[in-house]
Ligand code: 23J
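The chain below stands alone, shown as structure tokens; this is the form predicted alone.
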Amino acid sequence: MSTLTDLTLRMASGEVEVVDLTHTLDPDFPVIILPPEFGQCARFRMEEISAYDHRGPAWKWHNISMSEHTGTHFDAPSHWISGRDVPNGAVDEIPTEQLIGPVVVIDCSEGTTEDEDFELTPALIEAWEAEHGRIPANSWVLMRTDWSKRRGAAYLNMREDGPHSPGPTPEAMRLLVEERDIRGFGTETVGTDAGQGAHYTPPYPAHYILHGAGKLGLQCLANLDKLPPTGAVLIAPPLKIRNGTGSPLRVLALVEK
């Protein structure tokens, strides 16, 4: 029996579960809010073209519009200034083999219930590795915070000084990228960086360090509490947009029961 045949049979039997890590795209889903002097990310919009009526008697369909970085979405290296000259840095250029791969999940949910600005640090990564083993090269690393369970204003968590949400420190990103050679980094928040990530050096270190090294990002993920620390496989292909810097997508994980 081939490996692929075995996989499909195990999926059919329920031995391998497909977990959806994606939020539903709708006009109410929050998007990142930048200072007013900058351009803004567009929310998802859907316009009915016809619905089995005089506009089209046998079909229903919609026009949709949104930013590349709306909802559960993918960040390509070209999204950030540090990655603008990275070879194959746009979503249509990324090698397809990079879109499916192993994933590890670092559970920070206990810390984020107590501190909305909770930081993923090298010490936390090393403590995770002491229990689960060294993070394999070319793996996705997901930061579980259970932030995806928030709704409405609590999701962006805006204050007078901007958003407050958990994320990695610059030192954590350097460890993951330079010493563990990860494939990409993903979060449940609206960005891969902490809400106050502008105050780090460099600002927004997840974006700056990840994309400068040609690595990938995922954000607005859901259901990370359904994944094991190791052993799952992530499937995350963005839309093939010419010169795209990102894309909404449906992120799936294969989990062996």
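The structure displayed is predicted, hence computed values, not measured ones. Numbers follow the displayed sequence, beginning with 1.
Omitted here: the form predicted together with this ligand. The next part is about that form.
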| note | Picking from W80, Y155, F118, W128, the single residue whose non-hydrogen atoms come within 4.5 angstroms of this ligand in the predicted complex is W80
| query | Even though this ligand is not shown here, does A213 get within 4.5 Å of it in the predicted complex, heavy atoms only? | reply | no
| Does this ligand get within 4.5 angstroms of any non-hydrogen atom of L34 in the predicted complex? | yes
| query | Taking heavy atoms and a 4.5 Å cut-off, does G191 contact this ligand in the predicted complex? | reply | yes
| Does Y204 make contact with this ligand in the predicted complex, using a 4.5 Å heavy atom cut-off? | yes
| request: Using a 4.5 Å heavy atom cut-off, indicate which stretch of 138-146, 96-104, 119-127, 70-78 touches this ligand in the predicted complex. | output: 70-78
